[in-house]
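Listed next as structure tokens is one chain, alone, in the form predicted on its own.
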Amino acid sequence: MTDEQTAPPIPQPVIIPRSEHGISRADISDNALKVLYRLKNAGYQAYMVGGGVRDLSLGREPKDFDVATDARPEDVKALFRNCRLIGRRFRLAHVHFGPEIIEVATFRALHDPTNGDVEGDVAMEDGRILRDNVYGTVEEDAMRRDFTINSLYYNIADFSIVDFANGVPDLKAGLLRMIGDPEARYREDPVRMLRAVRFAAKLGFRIEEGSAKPIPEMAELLEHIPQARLFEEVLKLLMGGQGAQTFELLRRYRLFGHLFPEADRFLEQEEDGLWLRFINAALRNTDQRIADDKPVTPAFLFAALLWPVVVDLQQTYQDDGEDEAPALQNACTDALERQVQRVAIPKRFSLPMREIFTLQSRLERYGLGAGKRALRLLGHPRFRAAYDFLLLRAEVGDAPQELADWWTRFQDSNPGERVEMAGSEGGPRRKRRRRRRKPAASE
């Protein structure tokens, strides 16, 4: 299927002059302005595009400022000594200004991949774009973008906004609408379904009915996306400050099960809603920390998403006769191995996840005055994350509240009080509450 078949005819753009919109150069990054002006002064077209225009139009502070131009990547590199060319699927120029990077993309065409007479490089498979460096005009580039609200161009030549896809009316209506035929656009790049959910949650917008309807039916296309790319998308989905709302939308559109299939199975089967409450609590906690400008780590959130799987697998191993500690270790290994078949989890996160998991049993064993090892446990580098994890478990009823309260008091006590609270090594041992496992359909 070609882009000429999937994209709509190029409409006549609506030009919104500077006097009729609220974007000021004072709100644009100085480094983005340097890039825009240097491209313009070198004779190239230069526009700020996408999220920068969208967010400034909504009165929000953009996360970054992207630029689109008719200059080729090599031309951009020739203009900026601080430029690096990146990407294989899409060739991009990154202009570095210390910690800030201004991304510069060359206009891309509405092309027919069966036609070899194009300038650039393209590769497609089953309707999916694998590599695409075919250059075109600004009008074509606008029709290649995903949503109408992301197809707004701020023209540095006259400070106007150029609207090629009726994005301004959708922006005012709070509507997220795919450009072109939604099914074909999702098939070109299934990650666009995740982007629809992410933008809807981030902006508080509603996904337009025609753009929303195909998503549950096409969600399985995510299984063709590389695991490493899905990991980056999951970070954007759940670590952007609207994780709880995003999670709700992912489940509504049946996308979550194609990202976390094992966790989704428990959410669908459980009767008491324990795991749904637990995951929601973890997401709300992460959202609040982001709002308070506190550090967050994907390891904690991924651990929460996989905890139901670990608990069930551990119980399975123990039912088969294994002791608690090796059963937990094997459960951690199995849960992670199953998950990375869908979404990659780098070792810098999977190793802390294991520690958070295994420390839960130690917190249970050494809490409530059950042994002086509690003193040493306080010094563990992953103690704080494991303790926060325990608090969430207690909040939803997965761990005794008295245990969480004891560890809170233990940390706040002075050294002498801690020794007294820790008690002796031979104190009573508490076991995690056993849950009745719901038999699988095949049992």
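These figures come from a predicted structure and were not determined experimentally. When you see a residue number, it is the position in the sequence shown, counting from 1.
Omitted from view is the form predicted in complex with a small molecule, to which the following refers.
Only one of 107, 199, 317, 300 comes within 4.5 Å of the small molecule in the predicted bound form through a heavy atom, and that residue is 199.
A single residue from the set 350, 358, 280, 150 has any heavy atom within 4.5 angstroms of the small molecule in the predicted bound form; that residue is 150. Only one segment in the set 28 to 36, 396 to 404, 48 to 56, 381 to 389 has any non-hydrogen atom within 4.5 angstroms of the small molecule in the predicted bound form, and it is 48 to 56. Contact annotation for residue 172: none of its heavy atoms lies within 4.5 Å of the small molecule in the predicted bound form. In the predicted bound form, the small molecule stays beyond 4.5 Å of every heavy atom belonging to residue 258. Using a 4.5 angstroms threshold between heavy atoms, residue 189 counts as touching the small molecule in the predicted bound form. When the small molecule is considered in the predicted bound form, residue 195 lines it closely, a heavy atom lying within 4.5 Å.
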